[in-house]
Structures are given as structure tokens and as C-alpha cells.
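The chain below stands alone and is given in C-alpha cells; this is the form predicted on its own.
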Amino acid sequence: MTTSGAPAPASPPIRASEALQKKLAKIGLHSEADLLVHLPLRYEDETCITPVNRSFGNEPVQIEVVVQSNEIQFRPRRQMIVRAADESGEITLRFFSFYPNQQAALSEGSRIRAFGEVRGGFFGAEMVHPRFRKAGDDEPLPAELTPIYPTTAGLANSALQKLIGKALAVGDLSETLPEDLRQRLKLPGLARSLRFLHTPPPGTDLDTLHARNHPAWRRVKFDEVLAQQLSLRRAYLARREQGAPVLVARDDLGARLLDSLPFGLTGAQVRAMAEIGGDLAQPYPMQRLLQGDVGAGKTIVAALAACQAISAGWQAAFMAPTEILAEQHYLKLKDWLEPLGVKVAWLSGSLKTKAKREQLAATAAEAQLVVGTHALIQDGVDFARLGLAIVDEQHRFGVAQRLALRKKGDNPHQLMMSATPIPRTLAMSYYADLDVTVLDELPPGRTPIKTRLVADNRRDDVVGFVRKAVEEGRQAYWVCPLIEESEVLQLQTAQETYDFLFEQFSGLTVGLVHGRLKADEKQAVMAAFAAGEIDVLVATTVIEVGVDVPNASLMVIEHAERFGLSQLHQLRGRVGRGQYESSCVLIYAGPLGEVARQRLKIIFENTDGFEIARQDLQIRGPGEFVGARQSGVPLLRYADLEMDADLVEMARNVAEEMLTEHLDLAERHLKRWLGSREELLRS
């Protein structure tokens, strides 16, 4: 086993002026190591000169010409027209944005090399806004393809090329993979790969480079994924060294809960409970993500986990992101557990002073299960003996909020739940520090939901469809569009929709719920809808998760093109919870952009949340998909989770081996790829 007590040496800082260092810092470049792994977006071939008469085509080319004339035209718009020629023909260079120094460089008689795509113009061959520079007589051509790097305002690509060239000459390119391991994985050497990607020789296939299929790209992508896996795995192992309460049930509370329910568990729920129950009995903290599609039955699994903690003599906390969802959980859990003798407390920001004081006192003393919103993590909330923290819709909470709940106890076990299915490759990479349990089976009795796409000029048809459903004894949701820029606008839209439907549905009861209502008003509206006293509920996205009204069989979503796939799937899951045929009507306004069209097509064609999530990942990319979690997890710049899924598998296995057999190399690998950004993930 190779180990090292000393930390890996830090990479030397970039030697540059203070102004240049500030620009470099904007794109995450602080050290020599950062420069070495700052790889090109694309490449341009300036290793040859193409004669003007052979320069037409779809690919950019380099020409060498002498300027014949240069004039500024003001109609139809201000532009600089440069006419130039080589021995084979003439060409026009057109610039719509230019500076005096560029105009001077393009004076008559100047010899220049210009790079760009040649098209047919009014005066023949033409380049629009080519990149150019002055060229001396018989000036040698570059020996390699020109790399084009990600940059920022005021930082020229040429400046990056020089800095990276110096780093390649003197920087640390030593291997961090053991030689036998590298050979086993059939990966090229790191130094060779980085030099190749920064300075590819002439004749290299540009398509392979740009598609990142070259073996050198494969090595770099593997190293990047390995750094992520090492960081996450190290955090996972560090948590295992911490102590936690051993929660072994001392009575039959869980069995009594199951006996009292009017339904049985699915096979997936039984497997989930076995995994969670085993974790809770360990002397180190559980950090498990329970994920399942809408309606897969996560709440009962969480309730059974809470029973195990309570039976062991500890408290459980259950935190949800919205008051509506938290209260739904509270009412359901209270209904299940209080008849069995469990004391359930409720904490939310809307509680009146006296009620809040009573619930805080219960939390600090006899309450065995405490359900609430963010109120659970506020100062002044003290738990008597918190052994299990359950977080629903965990992606809605930031790292600090989840950590704050855990700090309310002495390193309690943590169960995070998500109804947003996470694609397998994403779970393997960004959630590698967690144990993941998947509920991949829906309970019997869930009715299929028909999804319909309707243009907004057919709104009257939708109104008639809703009226017919209500006359048959069903209820409907009518969800207003998401307007992220302004909660005020969203409220206004909800109110206008309510007024419109109130007129349309004479003789029916129309309700309205939105985020600006006081908590008790929201609760009253939701209770009336659940009791069947409201026929049509106009709502904003406050009803996105957790709301369970079996008689509601119709969901109408206004401006569906403004919603993300996850939200559309969550909203659709609010219906189909009873015995009646259910529908989700997506009203959209045209013309649709390409991404909106893709999203609506996916939600129309798929009901499987995992398939929807997989396609959503392709559209959005992992950075947006993982949301608040990314504050602690290194994002991938080069690897693609779909295309490089095999590298993720390989990196998972290698990370385990390196942390046990080659710890010094693992440290150096992390320093190279993450530098000061690498931290133990505690979320």
C-alpha cells in the first residue's frame, strides 16, 4: 500500500500581472495545474495557406493576401470594406465592428493572413469578420493546429496560448495513475494526452477532436471523472468514521403500523425498508437517498424508518420545503401514528405564538416525531434526542439547510427523498457519496394518465372538457404559468385565471390557492378541495408535490411550455390517484422554441419518470439538473454522462482502489483537478 502522511504539494500560482490574474480567476484559472487542464473548445487549422480561388466551402480556411484598398461605408450600415488579393484571385473582407488600430493594420499594401469561412458575396469571394494578423514575407506557418480556449472579456486567446505553452514546458505532467492500472484500463499517458490536446499536429482529424472521441480526450475525461469520484468517495468514507446512534427497534411499532394500513407494501418498498433498516442499525450515520417516481410510496417508507428510530428510543424529524406539502405529511403521519401511541409535533412559520411555544416545548421533550418546514432548522428549535432526519424533496434545500437539520442532533442518520427520478449515470457520478435506494414499482391502483397537448386558441374546448368531468362528479386542478421573474405577475395571472373560470363555470365552485395566501388560508382552501367542496382549484405551482386528492382526475396546465420537464411530470402526478380515468391537459402558446417543443414532446410520449429524467438530463445537462447540490460537488467540464457512462463505472472502481492502495497518488490527482475547490462533502 502506497501512502503519504504529507499533503500533496500545491501547484505554483500563475505568474502574471495583477490585472491578468483577475481575468484568469474569472474562468477558474489560479495555478499552473489549472492551465494544464484548461482544454480547448475547438481547433482551427492555420498550418497551411489556401489560395483564394480554392477557398470556397463550408470549412474555415487561412488565406494570405495583400490589401489593395480599405474604405469605410456608412450605408446601409457602418462597415469597413477591405479588398485584397493573392496570385490566384481577389477577395473582400467585411467588418461591421472594428477599431482604429485594426483599420491601420489593414492599410493598403499590408500583407495579412486571414482566417474564416469564404462565401459568395456581391463582389465575389467574401470573408465576414475574419480573424487576421499582419504577416511578414516568408513567415513560417504554425507547426500545430491552433487551439481556441474558453475565455472571458478582455482575455485574448493568444494570451492563453502563451500561458498554457509555458505551463506545458515547465509544469507538472507526472502520472497520477499507477502504471499497471493505466495499462489495464488501456489509457494513454497523461503528459502525452495533454500535450496532444493543447498542440495537435497537422493532419489530425478535426472531427474526432471536436467530438472528443480521440484517445487523448478519453484519458482526460477519465481523469476528470476520477477526481470527482475520489472527492465524493473520500467524503463517504469520512462520514463512516463518525459515530451515530444505533437505532435498533425495541418493540413492534413498525409492524403495528403496517397492520393498521389498508394496503400492503410493494416489493420495492420492502427492499427499501430492508436497506434503510440495516443502515439505521449501524454505528455510523446513514446518508441515503430514497428516490422514486410520483406516487411510488416514499412516505410510508419514511414513516417506517421513523418508527424504527422511535422504537429505539430516539426522535425523528421530517422536513418538507413548502407549508402545503409539510402539512399534508403531518396530517398523514399523525393519522397513521397517533392511534399507535406516537406523539407527533408540528412546526411551521405560520404558527401563532402560543401554539409555537407549545410545539417547541414538545420538540424539546416528549414529541417522538416532529414534522415541519424550514422552521425545524431555525434558532430556538431544540430536539430532545434526534436520531433520524428525513428531508423530503431534498433538491429544494441547499447544502447548508440540510446540514443545519443534522446539527440539531448528535450526528443523526439522514434519509433524503426525491420524487424527481435521477438518471443512473447522474446518480453514479454526482451522488456517489450517497447510498441510493430506488422505488422502481408503483403501488396497485394507480390509474394511467392520458396527456393531451392543446393550443391556447382552443381554450373553450378545455373549459368544456373540465365542465364535463366535474358534472360526472370529478374535480380538476387548473395550474397557472410559472413566471419566475415576478411573483407579483404570477399572482396577477392566477387571479385573472380565477376570475375567467369563475365566469365560465357558473353553478360550480372555483377555488384559488397561491404562495401569497396566509398559511391558514391556504390550508382552508386545500382542505375544502380535499373534502370535495371545491370543484375546480386554480393554483400556482404550490401544489406541485405531495398533494393527494383521489377524486381529482383532471389537471390543466396553462402555458406548459414555460415549465421544466420535472415540474410537468410532478404536476401531472397530482391526478391518477383514485379509481377514475385521469387526464392532464397541457395548454401551450405558439410559436414554440426548439427546447420547449422538445420538452412537450417528451412529456407527451412518456409516463416513466426515469425516462423523462434521462431525456431531461440530455437537454439541460448535469449542472442545472443537480441544482443546489452542485455547491459541494465538482461539476464535469469535459466528460458527458451519456456518452461516457463507461468511464464513470471505471472511475468508481478505480477511486476505491486508489484510496486504499495509492493514497499519495489520489491526493495529487485531486490537487491537479480540483485544487483548493476540493472539500469533504458534508451534505
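The numbering used is simple: start at 1 and walk along the sequence shown. In this text, all values refer to a predicted model and were calculated from it rather than measured experimentally.
Another form exists, predicted in complex with adenosine-5'-diphosphate; not displayed. Remarks below refer to it.
> Counting non-hydrogen atoms within 4.5 angstroms of adenosine-5'-diphosphate in the predicted complex, say which of 265, 470, 80, 436 makes the cut.
Only one listed residue qualifies here, and that residue is 265.
> Only one of 220, 310, 613, 296 has a non-hydrogen atom within 4.5 angstroms of adenosine-5'-diphosphate in the predicted complex; which is it?
None of the other options qualify; the answer is 296.
> Any chance residue 444 has a heavy atom within 4.5 Å of adenosine-5'-diphosphate in the predicted complex?
Close contact exists here: in the predicted complex, residue 444 approaches adenosine-5'-diphosphate to within 4.5 Å, heavy atoms only.
> Given that adenosine-5'-diphosphate is not shown alongside this chain, does residue 300 nevertheless sit within 4.5 Å of it in the predicted complex, heavy atom to heavy atom?
Yes - in the predicted complex, heavy atoms of residue 300 and adenosine-5'-diphosphate come within 4.5 Å of each other.
> Does residue 509 make contact with adenosine-5'-diphosphate in the predicted complex, using a 4.5 Å heavy atom cut-off?
Taking the distances in the predicted complex, the answer for residue 509 is no, it never comes within 4.5 Å of adenosine-5'-diphosphate.
> Evaluate residue 131 for contact with adenosine-5'-diphosphate in the predicted complex, applying a 4.5 angstroms cut-off between non-hydrogen atoms, and reply yes or no.
Result no; residue 131 lies far from adenosine-5'-diphosphate in the predicted complex.
> Just to confirm the contact call: exactly one of 256 to 264, 406 to 414, 585 to 593, 157 to 165 touches adenosine-5'-diphosphate in the predicted complex at a 4.5 Å heavy atom cutoff, so which is it?
Heavy atoms within 4.5 Å of adenosine-5'-diphosphate in the predicted complex occur in 256 to 264.
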